[in-house]
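Next up: just one chain, as structure tokens, the form predicted on its own.
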């Protein structure tokens, strides 16, 4: 088995393990490259179908191409789709910087849909290499009744044994892609021919490396107009993946505060 085979097998194991032990389940689908790979893996794990709802935390301000991709692939992939409208900016923590407040709308949207639907587990497509604080995550990551995350008190995960018991009101964030890297994701997309939003490919010297909402996401300088060119670019670049996410340039502790309070 090569690296992609090993990553795929481990992710499918995580998906099936969660499905066997946690109920009810859901999956966040941002329609970015990572969440599309996660949906693809779920379809492999469960023989061509995704046996739980996929949720877009919709701010109403997603990129136009993201909405177009959703409209096409909900049907093509036979997904049970939930559109979870996020609360307005006015309901977020006013002490956060403005860009972080825009991001915090998704935290509130997730809290609301979890409370309404009673999901005990939710799959997320985050990776450890994506952001330093995410490097502290577990595969099965417990959140308390308020959705808060205490990275100092997480269960040990030895030999792929995961703790799934939860106190009342708590839920699990489950991360099938945690061990993947950005370049792994693109090599897997290339190998499997997985569809992605066209914004990832350069037009007029710009492309999106990470997709978020219109008001907090910017493209980067790039001439990479194909998957092969994106992979070649990633092999040499020193620019961080989230360079185009304006919230990541807020005050030093903003992302940590967002994560601690339930941000993805």
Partner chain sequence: MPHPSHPAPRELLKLVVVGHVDHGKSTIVGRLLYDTDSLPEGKLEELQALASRRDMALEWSFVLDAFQAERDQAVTIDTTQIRFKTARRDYVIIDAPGHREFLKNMVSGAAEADAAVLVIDAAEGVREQSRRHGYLLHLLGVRQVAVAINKMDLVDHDGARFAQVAQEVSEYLAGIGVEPAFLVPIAAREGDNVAAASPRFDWYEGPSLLEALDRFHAVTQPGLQPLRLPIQDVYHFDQRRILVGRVESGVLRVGDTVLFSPSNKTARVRSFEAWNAEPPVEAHAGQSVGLTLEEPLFLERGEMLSHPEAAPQLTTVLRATLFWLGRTPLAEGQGLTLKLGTARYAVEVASIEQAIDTDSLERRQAQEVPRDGIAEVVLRSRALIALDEAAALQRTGRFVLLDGSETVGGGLISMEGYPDQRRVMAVRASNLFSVEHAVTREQRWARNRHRGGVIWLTGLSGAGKSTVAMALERRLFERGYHVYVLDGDNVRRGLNANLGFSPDDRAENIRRVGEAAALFADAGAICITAFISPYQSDRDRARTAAERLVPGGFHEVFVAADLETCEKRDPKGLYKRARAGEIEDFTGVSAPYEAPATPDLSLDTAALDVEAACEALFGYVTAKFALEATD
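Numbering follows the first chain given and starts at 1. From a predicted model like this one, the values you see are computed outputs, not experimental measurements.
In what follows, reference is made to the form predicted in complex with its partner chain, a form of this protein that is not presented.
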Can you say which of 58-66, 23-31, 198-206, 44-52 gets within 4.5 Å of its partner chain in the model of the complex, counting heavy atoms only? 44-52
With its partner chain left out of view, choose which of 78, 118, 88, 135 has a non-hydrogen atom within 4.5 angstroms of it in the model of the complex. 135
Can residue 143 be called a contact residue for its partner chain in the model of the complex at 4.5 Å between heavy atoms? no
Looking at the partner-bound form in the model of the complex, is residue 93 within 4.5 Å of its partner chain by any heavy atom? no
Can you tell me if residue 179 lies within 4.5 angstroms of its partner chain in the model of the complex, counting non-hydrogen atoms only? yes
Is residue 242 one of the residues lying within 4.5 Å of its partner chain in the model of the complex, judged by heavy atom distances? no
Checking a candidate spot here: are 73, 111 and 221 all in contact with its partner chain in the model of the complex (at least one heavy atom each within 4.5 Å)? no
Contacts from 6-23 to its partner chain in the model of the complex (any heavy atom within 4.5 Å), listed N to C, are 9, 10, 12, 13, 16, 17, 19, 20, 21
